[in-house]
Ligand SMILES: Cc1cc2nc3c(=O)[nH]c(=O)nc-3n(C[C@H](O)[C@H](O)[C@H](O)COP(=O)(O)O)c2cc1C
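Okay, so here's just one chain, in C-alpha cells, the form predicted on its own.
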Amino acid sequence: MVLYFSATGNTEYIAQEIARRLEDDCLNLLDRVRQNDHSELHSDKPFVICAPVYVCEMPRFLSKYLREQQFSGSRDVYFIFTSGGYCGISGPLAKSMFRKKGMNYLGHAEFKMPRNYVISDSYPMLSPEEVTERIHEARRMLDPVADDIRAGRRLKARHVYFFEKVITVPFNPIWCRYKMPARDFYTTEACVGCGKCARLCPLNNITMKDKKPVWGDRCTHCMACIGNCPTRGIEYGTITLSKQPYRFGQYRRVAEEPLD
C-alpha cells in the first residue's frame, strides 16, 4: 500500500506513479490526519510512505500521525521523500520511528521536485524551464525506484552525517514554532468563498466565516491554501503579490510528454 500526504501535488504525483507501477493501492492520508483517524491500515505488500520535507524533516504533524498509527500485514516499509532539494534527516528519523514499531525499514528515495514555498523571498521560485527539468528528472527516477521496491531491494540515498542531525534536531521545532506564522495570510476580492482552502488544511487551521477563510494560530506552511486557490484569491503579506503560486497540476502536461 502506498500512503501519502501532499499539499500542492508534488508528492501526490510521485505516490500515484509509484503505486501504478507497483499495481498497488494508493491512499491520501489528508482526511485521516484531519480527523485524527488512526484505524488500522492493513497491507499484504510493503508499505510505501511518501512525504514532503519541511525544514529538513517530514512535517511534524505527519510524523506525529505516523507514530500513533497502527499497521498490520506486511512488516516492511519504504519511504519516499520529496523536497526542493534537501531532505535533511528525514530518512534517519523515519528509520528510528518504524524500527520502534517493530517494522523492517528498507530505506528511502529522495525526489527533487519544484519548490512551492512562495511566501519567502529566501527561496526564489523556479522558472517554468527549471520546473520542467525537475519534473523530468523525477520521472526518470520512478522506474528504478519502483523496480527496487517490487524486488524487495533496499532503497539507497545519500549518507546523513552526524553534524546534520545535531543541528537539525533542535532547530526544526524552534523554527516550526516561531517562524511559521499564519497571520499574514489574507484574501483578496478574488476570493469566492469556495472553502477549498479550509478543506485542504491538514491542521484544520482555516475556518470559514461569512464565506471567507480565517486563519488560526497554527500553521505548517504547507502552501495548500495559497497553492490550490482556484481564483488566486489568497496572498501572504506583500511577498506573494508579484509571484505565481505553485501547484503540480499546472504542469500536468510536462508529466505526460515523452522524455528524451
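Since we're looking at a predicted model, the values are computed, not measured. For every residue, the number given is its place in the sequence shown, counted from 1.
There is also a form predicted together with the ligand; it is not shown, and the following applies to it.
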Listed range touching the ligand, judged in the predicted complex by heavy atoms within 4.5 Å, from 153 to 161, 72 to 80, 139 to 147, 112 to 120 | 112 to 120
Though only this chain appears here, would residue 3 touch the ligand in the predicted complex if you measure heavy atom gaps against 4.5 Å?
-> no
Consider residue 85 of the chain shown here, and say whether it contacts the ligand in the predicted complex, taking contact as heavy atoms within 4.5 Å.
-> yes
Might residue 47 be said to contact the ligand in the predicted complex, defining contact as any heavy atom within 4.5 Å?
-> no
Within a 4.5 Å heavy atom cut-off, is residue 9 in contact with the ligand in the predicted complex?
-> yes
Exactly one of 63, 28, 43, 220 has a non-hydrogen atom within 4.5 Å of the ligand in the predicted complex; which residue is it?
-> 220
Taking 4.5 Å between heavy atoms as the contact cutoff, choose which of 93, 103, 106, 180 touches the ligand in the predicted complex.
-> 180
